[in-house]
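Below sits a lone chain in structure tokens, taken as the form predicted alone.
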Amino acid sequence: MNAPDRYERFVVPEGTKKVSYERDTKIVNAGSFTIEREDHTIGNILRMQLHRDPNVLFAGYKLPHPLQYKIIVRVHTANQSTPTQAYTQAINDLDKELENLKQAFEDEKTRYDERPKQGY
């Protein structure tokens, strides 16, 4: 069959950067981040987090082709920020949110495990 191996969707090849940045030459404070081996899941979460930043004027992403396992995230910011600052802040904020979610899940699981056993 012509389908690529499944691991190619997730494993970044040696010598390839996970994230690369290219500055836009036509628009000030704009650029594109290419993120290797990711799909709509990360693209949409990152786009939504970038939209929460008041300095971000535009944030969007695209998958160039279904068989190319990468996304391109475009960011345009106001003069108070740069696209790399906005991207870094969005990643850090998402990391904190996911840590909070993980902690809440673990707390609830512990509470569930410690409850009195019922006859179910």
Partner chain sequence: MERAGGGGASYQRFPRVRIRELRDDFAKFELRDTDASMANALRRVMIAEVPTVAIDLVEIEVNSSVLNDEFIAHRLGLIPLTSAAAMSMRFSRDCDACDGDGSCEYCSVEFHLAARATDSDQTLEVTSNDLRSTDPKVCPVDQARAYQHALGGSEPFDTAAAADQRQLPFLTFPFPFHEGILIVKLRRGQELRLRAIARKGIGKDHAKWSPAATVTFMYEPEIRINEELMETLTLDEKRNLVESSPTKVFNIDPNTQQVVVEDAEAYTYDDEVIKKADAMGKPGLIEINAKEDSFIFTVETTGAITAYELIMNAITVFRQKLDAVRLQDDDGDLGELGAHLVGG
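Positions refer to the first chain, counted from 1. None of the values given here were measured: they were computed from a predicted structure.
The following text describes the form predicted together with its partner chain, which does not appear among the structures shown.
My question is simply whether V28 lines the interface with its partner chain in the predicted complex - judged by any non-hydrogen atom within 4.5 Å.
Answer yes; at least one heavy atom of V28 falls within 4.5 Å of its partner chain in the predicted complex.
Is there a heavy atom of N100 lying 4.5 Å or less from a heavy atom of its partner chain in the predicted complex?
Close contact exists here: in the predicted complex, N100 approaches its partner chain to within 4.5 Å, heavy atoms only.
Verify the contact flag for R52: yes if a non-hydrogen atom of it lies within 4.5 Å of a non-hydrogen atom of its partner chain in the predicted complex, no if not.
The answer is yes: R52 has a heavy atom within 4.5 Å of its partner chain.
Please check if I91 has a heavy atom lying within 4.5 Å of any heavy atom of its partner chain in the predicted complex.
Contact check for I91: yes, within 4.5 Å of its partner chain in the predicted complex.
With the distance limit set at 4.5 angstroms and only heavy atoms considered, check whether Y7, I35 and T84 all reach its partner chain in the predicted complex.
Per the other structure, all of Y7, I35 and T84 touch its partner chain.
Sequence order please: the residues of 99-113 with a heavy atom within 4.5 Å of its partner chain in the predicted complex.
Read in sequence order, the residues that approach its partner chain (within 4.5 Å, in the predicted complex) are E99, N100, L101, K102, A104, F105, E106, E108, K109, R111, Y112.
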